[in-house]
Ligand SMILES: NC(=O)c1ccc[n+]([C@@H]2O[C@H](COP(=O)([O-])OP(=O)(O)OC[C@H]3O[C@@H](n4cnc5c(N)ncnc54)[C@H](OP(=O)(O)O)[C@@H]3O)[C@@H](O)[C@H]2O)c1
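There is one chain below, alone, in structure tokens, taken in the form predicted alone.
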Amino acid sequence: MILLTGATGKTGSETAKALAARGVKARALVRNAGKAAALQAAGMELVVGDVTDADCVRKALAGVSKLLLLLPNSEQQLAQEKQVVDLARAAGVRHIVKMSSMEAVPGASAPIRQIHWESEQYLRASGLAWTMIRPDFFMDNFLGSAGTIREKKLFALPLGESRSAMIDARDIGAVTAEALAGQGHEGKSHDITGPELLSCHQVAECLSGVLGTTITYVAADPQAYLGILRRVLPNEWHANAVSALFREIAEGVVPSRVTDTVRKVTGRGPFTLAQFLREHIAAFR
């Protein structure tokens, strides 16, 4: 049995879809059964509870051999992930697949990067088999700018002139599902990217071509953008952490690179940005 945490989020739901398409039996630990109705309809077993509740996690881990560790970014994330690793080991889980980030490196200073790196190290030292899933910047993040793209023909992010090998969440889900259901992924870190390095100016050009109208990228002032984050994210820590991550991306602290991981793991190439935008065109019009 495979247990998924984070199964109702972007990458977790794509992983669940990919597992269902393979006919793989899986279970999901979810806080809201209503949000997980589609998972249940696809044949996934649900355990309703919170990942911070050790008793709920123990219940969900019964009979599980592989686990997807995918928790939301928060100030408590590292402690929560360590607890899940410990509970999984005690329950007899053999293999944990952790959702991390390509930006998680030794000496990382942005809090989100630090948390992922320290969690990776804890899992490596646990004695369990492990696989790290380390995606680059999500194409799906541009859906958060759909409103200003529709209404003002622009989007603003504090990313300067930086370039990222942006990745579609479907590709992350496909690689994660293979790591959970396939063979030979133990002890590997899968750095996942899209097929090309793109700046936000190039994203704007691609959007313009897909939508048939001129879309402009505005390099937002970091402090002004932090004010926006404080209005839309759940707490001050999360807003500051995302702001710090954007700052390091803009400064090129961890330069992006293109990898061939998606093709090696899944046997097909990753989705391009143009494909992603065309398939989500309704959001931007």
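Start at 1 with the first residue shown and count on from there. Since the structure is predicted, the reported quantities are computational estimates derived from the model, not experimental observations.
The same protein has a further form, the form predicted in complex with the ligand, not shown here; the description that follows concerns it.
Residue 100 is the only one of 176, 131, 164, 100 with a heavy atom lying within 4.5 Å of the ligand in the predicted bound form. Of the residues 59, 230, 31, 257, just one reaches the ligand in the predicted bound form with a heavy atom at 4.5 Å or closer; this is 31. Site residues 209, 272 and 285 are none of them in contact with the ligand in the predicted bound form, judged by any heavy atom within 4.5 Å.
Contact between residue 241 and the ligand in the predicted bound form is not found at the 4.5 Å heavy atom cutoff. Among heavy atoms of residue 50, some come within 4.5 Å of the ligand in the predicted bound form. Interface membership of residue 70, defined by any non-hydrogen atom within 4.5 Å of the ligand in the predicted bound form, is confirmed. The ligand is not drawn, but in the predicted bound form it has no heavy atom within 4.5 Å of residue 3. Remark: of stretches 147-155, 111-119, 89-97, 197-205, the one touching the ligand in the predicted bound form is 111-119 (heavy atom within 4.5 Å). Heavy atoms closer than or equal to 4.5 Å to the ligand in the predicted bound form belong, across 103-137, to the residues 112, 116, 135, 136, 137, ordered by sequence position.
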